[in-house]
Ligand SMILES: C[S@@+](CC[C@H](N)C(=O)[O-])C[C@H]1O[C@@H](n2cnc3c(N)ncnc32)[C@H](O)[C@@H]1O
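Below you'll find only one chain, the form predicted on its own, shown as C-alpha cells.
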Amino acid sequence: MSTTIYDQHYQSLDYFGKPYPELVDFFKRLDRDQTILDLGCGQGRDLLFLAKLGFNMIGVDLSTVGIEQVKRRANQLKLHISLEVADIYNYIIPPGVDIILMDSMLHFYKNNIQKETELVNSLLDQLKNGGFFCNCLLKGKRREMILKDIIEKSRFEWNIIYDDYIDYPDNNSEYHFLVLEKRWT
C-alpha cells in the first residue's frame, strides 16, 4: 500500500491523544461480550482501551504504520485484536459485529460528501439489527445536519442512545458524539 498522510502523523506515538472521557464512560456501561469494529482505528487510541475493557475488537485503517503500532502495543499488553490494513470505503463488515465505531472519520467536506454519504449508507445497511452505530464528528452544524439527514433517509429506524457534545482537550475542539441502535421498521 502507498504511504498516507497518517503514516507521517503516526511517527509521533499517540498523535491524536487519549480517548474522549464520554466515549470511555459510554462503553464502560455496555456488555463486554460484544464485537466492536473500529473503522479508521489509527494508532489504536480507542481500540486498545476498549480491548483492555474486554470487548472483542476489530481494527481497520489505511495506515500501515498505525496498524503496526497497534500490533506491537497489543502484543505488549497481551491483547488479542484483529487488525487489517484496508480502505474503509471498500470494507465489508464481517459477521458478528455488534458495534461500528467511527471516531473522527467523517468530515463531510465539499469534495467528499457523496463518498462519505455512500460509506455511511453502506455501513448502516450492513449493520445488524440491534447493532450500534457510534460516531464522533467534529462539531459543525452543516456536517451534523448531513449525518442526521443520511440517517433519517435510511430505510431503518434508529433508537438514539447518545446525542451530545464532548470536549477534546488534546485538540482544543468539540465533537458531536452520536450513538444509534438499529431497528427494523
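Just so you know, these numbers come straight off a predicted model, no measurement behind them. All residue numbers refer to positions in the sequence shown, first residue = 1.
Quick note: we don't show the form predicted in complex with this ligand, though the next part is all about it.
Trainee: Within 4.5 angstroms, counting heavy atoms, which one of the listed stretches 139-147, 152-160, 125-133, 42-50 is next to this ligand in the predicted complex?
Mentor: Comparing against this ligand in the predicted complex, the contact stretch is 42-50.
Trainee: Heavy atom within 4.5 Å of this ligand in the predicted complex: which of 113, 97, 105, 74 fits that? Just give me the one.
Mentor: Filtering the options by heavy-atom distance leaves 105.
Trainee: When the contact criterion is heavy atoms within 4.5 Å, does residue 88 count as touching this ligand in the predicted complex?
Mentor: Contact with this ligand, yes.
Trainee: Is residue 177 one of the residues lying within 4.5 Å of this ligand in the predicted complex, judged by heavy atom distances?
Mentor: No, residue 177 stays farther than 4.5 Å from this ligand in the predicted complex.
Trainee: Using heavy atoms and a 4.5 Å limit, would one call residue 120 a contact residue for this ligand in the predicted complex?
Mentor: No, no contact at 4.5 Å.
Trainee: Check residue 62 for me: does it contact this ligand in the predicted complex (non-hydrogen atoms, 4.5 angstroms)?
Mentor: Answer yes; at least one heavy atom of residue 62 falls within 4.5 Å of this ligand in the predicted complex.
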